[in-house]
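Alright, two takes on the same chain below, each alone as structure tokens: structure 1 and structure 2.
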Structure 1
Amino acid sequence: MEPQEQTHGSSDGDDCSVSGFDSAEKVIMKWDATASEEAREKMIFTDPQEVKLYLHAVDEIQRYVSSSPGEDLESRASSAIQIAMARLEDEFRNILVSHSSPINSDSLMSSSSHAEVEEDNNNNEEEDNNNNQEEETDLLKRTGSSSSSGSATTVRLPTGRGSYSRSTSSIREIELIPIDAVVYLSWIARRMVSAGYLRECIQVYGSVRKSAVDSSFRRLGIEKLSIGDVQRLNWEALEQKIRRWIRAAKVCVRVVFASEKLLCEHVFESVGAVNIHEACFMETVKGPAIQLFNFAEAISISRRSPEKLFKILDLHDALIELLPDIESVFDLKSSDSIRVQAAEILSRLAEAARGILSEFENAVLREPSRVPVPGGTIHPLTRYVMNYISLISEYRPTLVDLIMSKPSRNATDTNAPEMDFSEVENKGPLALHLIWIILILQFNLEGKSKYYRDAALSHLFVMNNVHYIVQKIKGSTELREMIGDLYLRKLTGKFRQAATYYQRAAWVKVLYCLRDEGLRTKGSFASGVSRSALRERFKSFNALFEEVHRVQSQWLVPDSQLREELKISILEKLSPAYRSFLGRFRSHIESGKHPENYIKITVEELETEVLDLFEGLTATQQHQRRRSE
């Protein structure tokens, strides 16, 4: 227990007591590091008996100073106090330095916290990142705290709480320094403050503990980057740093800062000076806290671009989750600036997310590519936009709170589609933004479809892309719920309409060849069929079908089910028409010369040829397939 204060002139019966000014002064001078080699090499606070003697001596001298003993004694007492305070400052620093290692693998254990900082299994970072991850994981294991050894003296907590480390549902305050060392620090701090050395005490404590916090930061992979440094990083590097920051920030706030605050309370709470533990806490963590939050601030004010949205939302979610803990740890008046900075960053991240969504909508509307994609397949813009809004739907809980206004069309912008909100009047702002993005994507795709010279391919392109939009919506529960079945049915009708337009544009001329009109005549044939007209009709059909087959075998319908449905729909019209035409007119051709020059394909062969369509085959591949058959 702490050495008890004694009144001036008490008896010498207790071996551990120091009575009288001369005896106290002698003890102080014995440990004057400027006058003794032994005093420079040894530390007082490694021997409990020496600790008691020295602190009793300091108390004795301080009593003499406060009692106005006379000019001679006052001068000696003042000199002794200066020497004693210099020595206690060294002892204070030595105890702190001896226990200033960064938080290690035996410091924490929490299965829930462990999950928070685990690296995503799919994220293959560089080896040094993996090492940092191991350190972060280490910071989430909790075992029994260590205590210093060798002391026969019974120690107690200065606060009388009976327990050093503590935890709440998220904050995990741990023992940074063994209890007996904390008690020694408290004893020294009390005497330094009493003697008027408050500033020196705070400076020593803050400088040593800040170094320990800096070491923990390095172990967590938190770098000292200015806002400018962060904004100059390429996005790939920044993504990795954001992932690391999110994991590390939770440990910093809930463990590192919270534990430093608890340590300050235990060391300084019984010292007596008003708010000294607050001052020491801020001296220790203000710089690291600013360093930590500057990174998030740099992201919040960086140049906006669509690829940044989801990492900004990750940062926003992490910070909003941490905000109650930040307010709890930094609940002191002196730490107002930290709480304000965190709240302002959160607000700027929210504004950045809203701004990026708006800019993304404009980018989709104005995406300028004019080169048609080969074969009328799915445009890269369609894949990108639908994957993007599928991800947006996964952030629905966050974005529902952030997106509070409906999308709006610039009244003077004639290059934007109209949107009738009455069709989706029951939808919230986020859902309306997603529907608006889909609408302007279709608007852009309609424009791109006009760059195809073949009208049939233009319709096939629209069909493919709108069908892809529908399938992406159906494949995401969240996205489908937001878009709604009513609008989904409208989109389904859109791609089916495009499929109908394609068939009309592609096959009407072929089917037109299979009509009866123009074949019958009042001539020499009893049958009333003009053989020459019939031969020309077969030649036209053969030429048109061969050209359609050649061209459309190179076109693409990537979705296998849609591809088969389209082929079946074509055959349902073409196959019966050709079979009927052959049935009516085959005999007229076969009764003449060289029928094989006119009837070049059977119904079965025609059906096989149609099955080649929409496979994206080159002319060479088509030839090879025919040879293999």
Structure 2
Amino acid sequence: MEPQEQTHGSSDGDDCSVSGFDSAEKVIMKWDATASEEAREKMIFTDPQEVKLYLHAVDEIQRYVSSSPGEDLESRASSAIQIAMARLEDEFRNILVSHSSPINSDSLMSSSSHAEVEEDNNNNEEEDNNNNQEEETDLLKRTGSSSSSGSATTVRLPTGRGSYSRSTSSIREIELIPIDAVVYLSWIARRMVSAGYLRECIQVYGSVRKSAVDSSFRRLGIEKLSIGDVQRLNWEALEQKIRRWIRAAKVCVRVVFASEKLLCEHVFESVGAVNIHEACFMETVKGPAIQLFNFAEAISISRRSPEKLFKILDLHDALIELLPDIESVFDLKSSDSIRVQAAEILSRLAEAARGILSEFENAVLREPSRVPVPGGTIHPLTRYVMNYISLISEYRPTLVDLIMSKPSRNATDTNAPEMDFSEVENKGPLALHLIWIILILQFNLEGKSKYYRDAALSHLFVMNNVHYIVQKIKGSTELREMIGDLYLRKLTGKFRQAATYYQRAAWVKVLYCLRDEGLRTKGSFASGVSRSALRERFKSFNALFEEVHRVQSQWLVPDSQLREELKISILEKLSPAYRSFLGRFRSHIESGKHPENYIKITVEELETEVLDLFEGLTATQQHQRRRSE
């Protein structure tokens, strides 16, 4: 129960009122820390009785001060007030300090620690899946578009969305200081303000509470990193810090700052018309808030490179989500700069995302590796790019809002594909970018295919890679929706065409051996067959077929279905051709010497041999296979 200020109007006359003053003055002097040891050692606000007496005394003196009591009393009164205010200031500080432990880490982390554990589990899974990516991302690094780390460590593409904390989803004020302490604080504040000691009050409050906020920050793992520090860290370390920051920022804005604001309101609510609690709040949190956002700002300024995209989007999303709460907590004019900084960071992150996408596209276009992938299989670049754009499609909701412009092609760059978006008019910019990326990937792959000495292999390579692209698109509903069926059909046509080119290049010579013309001798009605020509044919066929078999068993078509289809398609031409060739001409050979030198395999054996193709077998493996047959 607050000690009530008594109304003056007592009928006791001057003597009593003066003695009222005297006894009040006495109480105040008793507690003058500069005058007595005892006053220094004890605190008033540990004893409710003393509190009552003291505050009553202060109120009494204050009444004298404001009622112009005459010079002598005035001077004593103002002196007493000063002593009282100094004392109250110390009491105020003492109460604050003894209750300002940093926020209980349980209440800070309880809901978020669960998500933390979840996330760490997710990360472990992904690590196994991403071992392929080491090669792939090294490729992009060579184009010079990599981050500054230059390390050989695996750059993992991050996991999908939602891996940051789902906790602290809204403002949640907690009790920072027990209610009875708050009451005491508000009693003191009222006296200090009405005596004109507002500034001192704010200073004490601000300095103690700011320390408390700083401690909470340390508990949340918020570090004091400079922009230079952030530049120097490698991206993997930064990713972790970003994750941690996102979790911490939510707690800071929604719990720490919101609670401080509420505390200010409670302590200063009965104090006066001036918005003192706002000044106290800013005194407490301005510095920490700026420190908090400095990290996000540093990230938004850092050098751009493709692997950073998704964490930057995570950061962007987290900030957008926090923005309404930031606006609500920092709704004062004096906190303009904080809101402005948050908005600036958001816009820089968006810019960074756009810039990174651009850089990624450049990197894909210019990826310069010339070493042909053995066996014509899927190029690491293909894998990386397709994984990357699958991830982009997962971030579609965010990116759709950020990517505003269509992909642009440097007009002077002759080494890039043409862009014709006339057929895809009603697609948004993001989808156009994805299509463009696939276009330039293909373009780059076409270039790489030229480095194969064997034309058939270069077609196989194109087939494999475009097929992979198609499979990846089909495998993701988001991606498929954005790329669209029209484009998908084009790509499908592309790899089928490559398959056809492959077959032509690889098998035309073999099949040529099995043709009719040139075998029959000219002349009489009963056309004969030139046995020597026939023998040559068989010999060529055998040699060529063996060569094809030997070489192309080392080639690889990773996709099992495609592999089977290709083999079947080959057999569809080869088998009947051989069968009919044999049928027509075997008698001629068998009627001559050493037929076994010419007819070396049966149709069934031929078919079996074809099954060896595209298995990526090495020479020794082939040899071993043969021996076991």
Partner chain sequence: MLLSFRRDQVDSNAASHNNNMEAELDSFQRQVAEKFTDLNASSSGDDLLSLEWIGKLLDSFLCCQEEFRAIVFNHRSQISASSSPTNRLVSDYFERSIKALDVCNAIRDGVEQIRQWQKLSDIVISALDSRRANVGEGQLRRAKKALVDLAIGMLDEKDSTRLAHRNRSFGRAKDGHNRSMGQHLRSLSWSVSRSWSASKQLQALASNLTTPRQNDVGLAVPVYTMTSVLLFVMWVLVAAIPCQDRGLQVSFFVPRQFRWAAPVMSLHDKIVEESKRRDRKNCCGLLKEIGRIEKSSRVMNELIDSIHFPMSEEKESEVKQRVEELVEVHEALKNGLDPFERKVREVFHRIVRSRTESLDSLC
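Residue positions are counted from 1 along structure 1's sequence. Predicted, not measured: the structure shown is a model, and the values here were computed from it. If you superpose the two forms and keep the largest set of C-alpha atoms that fall within 1.5 Å, you have the rigid core.
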Quiz item: Given that just one of these two is the form predicted in complex with its partner chain, which number is it?
Solution: 2
Quiz item: For G196, is the C-alpha shift between structure 1 and structure 2 2 Å or more after core superposition?
Solution: yes
Quiz item: Comparing between structure 1 and structure 2 on the rigid core, is the C-alpha shift at K30 2 Å or larger?
Solution: yes
Quiz item: When you overlay the rigid core, is the Cα of Q62 off by 2 Å or more between structure 1 and structure 2?
Solution: yes
Quiz item: Core-aligned, what's the Cα displacement of E41 between structure 1 and structure 2 in Å?
Solution: 3.2
